[in-house]
Ligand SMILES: Cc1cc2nc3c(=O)[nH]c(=O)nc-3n(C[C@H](O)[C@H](O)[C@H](O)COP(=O)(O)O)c2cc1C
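Starting off, we have a lone chain in the form predicted alone, written out as structure tokens.
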Amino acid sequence: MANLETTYLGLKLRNPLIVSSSGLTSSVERVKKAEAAGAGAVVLKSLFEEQILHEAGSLSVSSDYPEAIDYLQAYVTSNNVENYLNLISEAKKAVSIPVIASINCMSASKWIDFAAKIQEAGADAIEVNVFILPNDPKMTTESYEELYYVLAEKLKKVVTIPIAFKLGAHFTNPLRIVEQLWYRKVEGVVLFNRFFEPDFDIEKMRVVSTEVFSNPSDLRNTLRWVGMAAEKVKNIDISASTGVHNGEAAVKLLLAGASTVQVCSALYKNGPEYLKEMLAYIETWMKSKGYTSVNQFRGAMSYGKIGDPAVYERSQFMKYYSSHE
């Protein structure tokens, strides 16, 4: 029988499949279902800074008293945080797999104290889900990137459990971001996050959300950057995310050098039990290639291991379109 054990953020996992932060991990019962289906670990659904601020703001609109506004904002924040901390502690009691908490923040200042409370609640690690929208033409690229580094430095001062930054794919140089986070002693990165993207309903003339689930084709971008980051920033753990819809995709990302693979959209479409099918595929593939452990093939097709690493850098289609007049 194949050995699927792996390590991620210093944690021992029975296999590399992680149920990513979502409604699939929003309650203790759902976390238990993920464990029963075979998950190696879970990332709890994030508590959103944006959501708390919105709720606090909505409640305060009805009051003309500054003291009441302050009270309402503090009450909403405290209750959301307390509920989340309870979810962490109860999930840790209910399952034996690692439980990773998730912070979804918009700034580099709001969540430092909250991170310390997450550690006290018993989380095995923290996934920092942060996206600071570059909406000011007067700010430089470097100044936006610096906000991520400041957040990392502040977090490392208040917690001792491992931290992973879940990054978007929109940086000019993702490899530099990964390397700079490693310099700041961040143990891992998740490549990549999916964000809300607007669309227009031209009949009702309003802004709506686009498709929330990933597509299998999204894997290509993840594959490229995982394969390059695994070679160029070797001492940081990489969890691959976005576009993972079957066991074959998971194998590809492990070959690229990922320590773990996060699954979400495929489980929404097929149910948590689909994890068993994905794990069975990985085992069958390993047996067909003569591998007995994940460590034997992880990174075998990363940027530094393949014969022609330039294929990772190729970005134009001229070669492929030339035969299609």
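Heads up: residue numbers just count along the shown sequence, starting at 1. Source: prediction; values computed, not measured.
Heads up, the form predicted in complex with this ligand isn't pictured, but that's what we're talking about next.
A single residue from the set 230, 125, 244, 178 has any heavy atom within 4.5 angstroms of this ligand in the predicted bound form; that residue is 244.
In the predicted bound form, every residue of the candidate spot (21, 214 and 265) has a heavy atom lying within 4.5 Å of this ligand. Shown alone, this chain has one stretch from 293-301, 38-46, 252-260, 274-282 that lies within 4.5 Å of this ligand in the predicted bound form by heavy atoms: 38-46. Contact annotation: residue 119 falls outside 4.5 Å of this ligand in the predicted bound form, judged by heavy atom distances. For residue 225, no non-hydrogen atom is located within 4.5 Å of this ligand in the predicted bound form, even though that partner is not displayed. Looking at residue 239, you'd find every heavy atom of it more than 4.5 angstroms from this ligand in the predicted bound form. In the predicted bound form, this ligand lies within 4.5 Å of some heavy atom of residue 193. In the predicted bound form, 166 is the single residue of 155-191 with at least one heavy atom within 4.5 Å of this ligand.
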